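Single chain ahead, by itself, as structure tokens, in the form predicted on its own.
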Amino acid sequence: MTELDLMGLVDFVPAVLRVTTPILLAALGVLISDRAGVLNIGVEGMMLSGAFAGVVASAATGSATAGLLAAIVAGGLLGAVLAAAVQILKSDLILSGIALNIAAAAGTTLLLFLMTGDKGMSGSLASKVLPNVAIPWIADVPVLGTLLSGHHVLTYAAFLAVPGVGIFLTRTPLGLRLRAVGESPESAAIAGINVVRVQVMALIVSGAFAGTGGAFLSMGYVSWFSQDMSAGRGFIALAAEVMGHGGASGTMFASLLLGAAEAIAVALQGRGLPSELMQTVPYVVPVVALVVYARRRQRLLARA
């Protein structure tokens, strides 16, 4: 047994990556919408809907890939609904996002009951799960193989998406237009950018990321859908994006921090600490981090 085994890192690191995956996917979606000036408050409901759509579609088709696509589409459609509410009906972005979260929680529970007769779980549906991926050569390396190989396919997708989103926002014409809209919609409009189109696109893509995060919950983290199974991860993703200072890499590190907090909480429950207390840790950590961030920013502004 190696020193790393003794320190528990061989078990802890994969646990952190697994817990971080849905948070990171949703946070990247929030990042895209935020940089376009339309913060996706409905990300929690989009994750939940994606989780539900993935289970139902994979059970209906017998294909995990079809389930993943359904989850992405479900999240994107809810992003389009939120965009329509804001851009066409001129409703408030924050209130519309909150309403979408409530509607998603109630709607998925209702549909689950209509399909299975059970309001709690989708155990009667023969849904599929997405696979884990073994990396050739690395998988056979002691310790390193355990740390880097054998993770869920969406875990790799989430971390590979980080540089992709970063390059998109900073190196591509569409990404630069999106950031211009977020910085100053009026100036962007004067420059000939279709502000509404960019913000609608941002919310749809943001919803697709959130739906993918939901697919991981029901087709990777576990193999079924349960009522309110997103359990606030969408709101934690919002905190991760804020803690990430508007950058893809910063959002990733913030997601890892929050994922580590949740993994530690789960581990401490196994050591006999009160589960009710430990379940608060993943939610207390982002609050504390945001308070520290806000105070630091106030000091910087005061010095300016």
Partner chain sequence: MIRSAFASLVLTALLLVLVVGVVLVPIAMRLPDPLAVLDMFVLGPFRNPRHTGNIVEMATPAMMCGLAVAIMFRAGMFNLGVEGAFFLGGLATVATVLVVPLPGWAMAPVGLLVGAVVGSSICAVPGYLKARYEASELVSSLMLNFAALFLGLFIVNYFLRDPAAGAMVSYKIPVDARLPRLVGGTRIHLGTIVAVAACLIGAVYLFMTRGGFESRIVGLNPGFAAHLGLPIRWITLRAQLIGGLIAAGAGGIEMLGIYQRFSWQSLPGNGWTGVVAAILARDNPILIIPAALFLSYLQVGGDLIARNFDVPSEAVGLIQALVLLVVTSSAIMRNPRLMRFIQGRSNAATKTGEPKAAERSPA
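Numbering follows the first chain given and starts at 1. These figures come from a predicted structure and were not determined experimentally.
The discussion below concerns the form predicted together with the partner chain, not included here.
Asks: Please name which of the stretches 123-131, 85-93, 196-204, 141-149 has residues with heavy atoms lying within 4.5 Å of the partner chain in the model of the complex.
Replies: Careful reading of the contacts points to 85-93.
Asks: Within 4.5 Å, heavy atoms only, which of A188, L169, A231, I72 is in contact with the partner chain in the model of the complex?
Replies: Selected option: A231.
Asks: Which of these residues, V153, L77, I135, A103, gets a heavy atom within 4.5 Å of the partner chain in the model of the complex?
Replies: Of V153, L77, I135, A103, the residue with a heavy atom within 4.5 Å of the partner chain in the model of the complex is A103.
Asks: Would you say all of K119, L277 and Y283 touch the partner chain in the model of the complex, counting a heavy atom within 4.5 Å as a touch?
Replies: Answer is yes for this spot.
Asks: Using a 4.5 angstroms cut-off on non-hydrogen atoms, would A15 count as touching the partner chain in the model of the complex?
Replies: Although the partner chain is absent here, A15 would stay clear of it in the model of the complex, with no heavy atoms inside 4.5 Å.
Asks: With a 4.5 Å heavy atom cut-off, would you call L114 a contact of the partner chain in the model of the complex?
Replies: Contact with the partner chain, yes.
Asks: At the 4.5 Å heavy atom threshold, is F235 in contact with the partner chain in the model of the complex?
Replies: Heavy-atom contact with the partner chain at 4.5 Å: present for F235.
Asks: Whether L174 contacts the partner chain in the model of the complex should be assessed with a 4.5 Å heavy atom distance threshold; does it?
Replies: Because no heavy atom of L174 falls inside 4.5 Å of the partner chain in the model of the complex, the answer is no.
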